[in-house]
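In the block that follows, a single chain appears as structure tokens, in the form predicted on its own.
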């Protein structure tokens, strides 16, 4: 029964990890950008959910419909204003640009909201469902179900819309897609906006579960990088599977070893992947790997 409880909890949190990682792997799969500001977007979404609930009394699940579009606009603006120029120079320039943006966002948050930890309490905080002797956290279950629905919408968008097919084509062969009339800059802006919106959704879902502070994004960015590498760089399917695996590893190691050791366990897994299978579970060691692999 204890093992079943741990597995269910791991799968639930893993689903949210998968959603957070989807945006990161989408941006890398199409744009080949390692986005270090991704975690800070999650932090901003958590703060926006907190202040929307504190100042306006909004439920975080209702504010999601406002915060996700705001993060999408912010992502599109940052790409068009900063990263568009860095991408044209080199991979190193784009990486340094995202690191610089991450430092700026964290320090602005620190000046605006201080380093205090804040917790978002909702009607579901502390609520659990009991079924067959198992106890399931209601906020975590809601987060998993919303993450599952959003993930399904992303896959439907990529496979059944013109823009989604253009994204997959550019991820597979960027120059051929450009020759077929796909505008690279518009596509990159769209990808960065979608990736930012996805991590915004993830931040809102995590706000009732975790405390928010200016550097909270670093914790989840580290998890997202491990998930993306485990699943395979640029593979959306891999991000989903990797998120579930890391959720299980984190939960099981917290119980059977120690809560303070959970990061060490999945970081050791991260190193093992880099040593023995650098391409990940679903990635390929080829230049053309993309979001449809």
Partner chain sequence: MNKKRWISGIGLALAAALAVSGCGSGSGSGGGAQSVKVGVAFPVSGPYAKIGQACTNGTEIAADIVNDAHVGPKIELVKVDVPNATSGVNEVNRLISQQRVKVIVGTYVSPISMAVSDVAERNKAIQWEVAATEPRLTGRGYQYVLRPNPNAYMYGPASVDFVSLVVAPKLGLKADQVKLALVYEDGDYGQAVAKSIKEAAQKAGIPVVADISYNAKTTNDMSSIILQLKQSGADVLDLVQYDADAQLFWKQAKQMGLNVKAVIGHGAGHNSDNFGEVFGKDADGVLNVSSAMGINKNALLPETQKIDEEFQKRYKEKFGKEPDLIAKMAFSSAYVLFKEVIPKAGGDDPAKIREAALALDLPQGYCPTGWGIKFDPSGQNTRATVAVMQWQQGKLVTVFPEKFQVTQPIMIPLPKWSER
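Only the largest set of C-alpha atoms that superpose within 1.5 Å between the two forms is called the rigid core. Numbering follows the first chain given and starts at 1. None of these values were measured; they are calculated from a predicted model.
The form predicted together with its partner chain is left out here; the points below concern that form.
Asks: Considering only heavy atoms, tell me if residue 126 and its partner chain come within 4.5 Å of each other in the predicted complex.
Replies: Flag for residue 126 set to yes.
Asks: Heavy atom to heavy atom, is residue 92 within 4.5 Å of its partner chain in the predicted complex?
Replies: No, no contact at 4.5 Å.
Asks: Would you classify residue 161 as touching its partner chain in the predicted complex, given a 4.5 Å non-hydrogen atom cut-off?
Replies: Answer no; every heavy atom of residue 161 is more than 4.5 Å from its partner chain in the predicted complex.
Asks: Using a 4.5 angstroms cut-off on non-hydrogen atoms, would residue 96 count as touching its partner chain in the predicted complex?
Replies: Residue 96 lies outside the contact set for its partner chain.
Asks: If you check 149, 73, 209, 82 against its partner chain in the predicted complex, which one has a heavy atom within 4.5 Å?
Replies: The residue from 149, 73, 209, 82 that makes the contact is 209.
Asks: Given that the partner is absent here, state which listed stretch (173-181, 82-90, 217-225, 187-195) has heavy atoms within 4.5 Å of its partner chain in the predicted complex.
Replies: Selected stretch: 217-225.
Asks: Please say whether, between this form and the one not shown, the C-alpha of residue 159 moves by 2 Å or more once the core is aligned.
Replies: No; residue 159 is a residue whose C-alpha shifts by less than 2 Å between this form and the one not shown when the cores are overlaid.
Asks: Does residue 63 show a Cα shift reaching 2 Å between this form and the one not shown after rigid-core superposition?
Replies: Shift of 2 Å or more: no.
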